[in-house]
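Read the single chain below, which is given as structure tokens and is the form predicted on its own.
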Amino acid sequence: MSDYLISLAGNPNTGKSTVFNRLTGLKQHTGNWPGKTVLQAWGFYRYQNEQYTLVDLPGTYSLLAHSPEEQVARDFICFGQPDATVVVVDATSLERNLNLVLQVLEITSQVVVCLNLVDEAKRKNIQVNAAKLGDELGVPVVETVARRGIGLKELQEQIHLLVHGKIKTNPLKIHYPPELENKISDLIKQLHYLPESLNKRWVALRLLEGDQSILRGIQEVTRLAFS
């Protein structure tokens, strides 16, 4: 039995699966997500005498559930209750990758950003200040070169500290125009019945955008909570 459940998210071609393979080695298995043709991969690793289950979510550019991959990633982070989510980003294309990071931060504060491919960035004369990025995002940022195993011990350490409550995150919050913020606040009050594990602000945003798929997830998690 695993001690902690960790989800691994990221855009395609960020080296996410390389991080997964490096951490889990041969201790992994694959299959399809229930009711989906999307492939799922689960793996395990041990750190500080504890076992971590690592779930390699489908590569996706957003969590807006416009595709099966996006919906699977979104639903697992939102409803799967992982103890932490690692978002792998490409240091050579950081601006494009940060869209997903910000969306994940809207759902959960239990986030570690894995800044991968820093060697490629250096070759392209791209310099990323990981410490400053972490300060801006309000979560740990770890530099890695996953295919060479560089930085993965530090990544495991940051995950370990986060799930044990030894890191207090302060995720960057996106502020919307006052009219929208008022609507969000009003809707949050109506979502008092949702489990505490769900970020009501994020749910309110999705509902205001007319996201019908989130309703099915809410209905399922509510049914399980009261069954």
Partner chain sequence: MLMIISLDQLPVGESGIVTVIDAHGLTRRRLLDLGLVPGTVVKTIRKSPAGDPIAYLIRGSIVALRVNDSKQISIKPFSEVAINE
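Source: prediction; values computed, not measured. Residue numbers count along the first chain shown, from 1.
Just so it is clear, the following notes concern the form predicted together with the partner chain, a form of the same protein that is not shown.
Contact check for V163: every heavy atom lies farther than 4.5 Å from the partner chain in the model of the complex.
Contact annotation for D56: none of its heavy atoms lies within 4.5 Å of the partner chain in the model of the complex. Interface membership of S93, defined by any non-hydrogen atom within 4.5 Å of the partner chain in the model of the complex, is confirmed. Looking at Y47, you'd find every heavy atom of it more than 4.5 angstroms from the partner chain in the model of the complex. Screening N170, S197, S67, S185 for any heavy atom within 4.5 Å of the partner chain in the model of the complex leaves a single hit, S67.
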